[in-house]
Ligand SMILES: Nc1ncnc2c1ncn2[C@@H]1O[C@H](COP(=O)(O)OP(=O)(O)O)[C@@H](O)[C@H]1O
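What follows is one chain in structure tokens, specifically the form predicted on its own.
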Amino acid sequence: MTLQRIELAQFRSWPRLDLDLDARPLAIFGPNGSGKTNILEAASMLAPGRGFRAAPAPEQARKGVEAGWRIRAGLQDHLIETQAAPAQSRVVVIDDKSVPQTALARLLRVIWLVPAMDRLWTEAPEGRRRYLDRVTLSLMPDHADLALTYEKAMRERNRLLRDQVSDPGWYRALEARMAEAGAALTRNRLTALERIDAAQEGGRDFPAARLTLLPGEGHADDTDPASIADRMAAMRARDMAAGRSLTGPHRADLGAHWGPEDMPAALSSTGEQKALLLSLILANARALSDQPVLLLLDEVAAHLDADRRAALYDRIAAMPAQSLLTGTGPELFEAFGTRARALSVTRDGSRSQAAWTD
């Protein structure tokens, strides 16, 4: 069991919510706008970053930017608290000790699927790259620190490029930092794809996918620091004209094909794309069977027929991961039977309320 208790205070539509959890999946249902997704968003804040809506901390407060919010979570061996004071960035405390957000990745692997990800295979590469990095972070917690190192050095290099600084001495140290961190990022991504591939089960309902790292013009599959640094040096004039760095792992894309015809995910039907994404989410959790995993599935029944929903719930119930799911009505979760708990959510004005139904 991963998460034993979660408490919200002034978070989104919840003035307060205290939930004691057990190992069973938790099905949260209620009408649109009732606040059920806000519970999952709070749970996603137990990972580094801004949670699955990527909202700035002040916007997550129930009363707006002039208020603060707090989330407490009891794990089996640790107590996590994360909060944001009015108009401030969020802070993280683990077992009464202030820590950087990246420390969360070493305690709990949080994996999510939200409706916006239904467009993953047809949107711009940035969304697929973020997804790939979340998968990689769940498997290798050091990925967050590498990403921060790379992005900080790239921001400084981009500033030099925009300021039209031509002295190579200003660039060498930054490019060396970017090259070392970038090579490690790419190695992590490739390893993550291998582990996800090995963890896929496939089948008629949730087909296995063939995932590839697409380098594009940025040579984003290069794992040699010296090669990356040389390319950045050679690209300075072109990068200066563009005002940004045009080569490196920040230009990577994720490719996905499935089935005997090697169908590109982007050309599949909406239902097939959702099933393919679910297959990868489940494989991600399966690849972490030796780690505490929290699986967050928002409006998961969308685009799934009754048979595929039942097949999904069978797989979720059989996994060691702890799962929180949302949907608009209890009928969407009937196939779980007694294997899941149910929480009904309603809203009265700006306040959400919850009641157990099992």
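Everything numeric here is computed off the predicted structure, so don't read it as measured data. Numbers follow the displayed sequence, beginning with 1.
One more form of this protein exists, namely the form predicted together with this ligand; it is left out here, but the text below deals with it.
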{"property": "Which of 288 to 296, 329 to 337, 311 to 319, 54 to 62 lines the interface with this ligand in the predicted bound form (heavy atom within 4.5 Å)", "result": "54 to 62"}
{"property": "This ligand contact in the predicted bound form: residue 37, any heavy atom under 4.5 Å", "result": "yes"}
{"property": "is_contact(residue 24, this ligand) in the predicted bound form, heavy atom dist at most 4.5 Å", "result": "no"}
{"property": "Contact of residue 347 with this ligand in the predicted bound form (heavy atom, 4.5 Å)", "result": "yes"}
{"property": "Within 4.5 Å of this ligand in the predicted bound form: residues from 16 to 35 (heavy atom criterion)", "result": "31, 32, 33, 34, 35"}
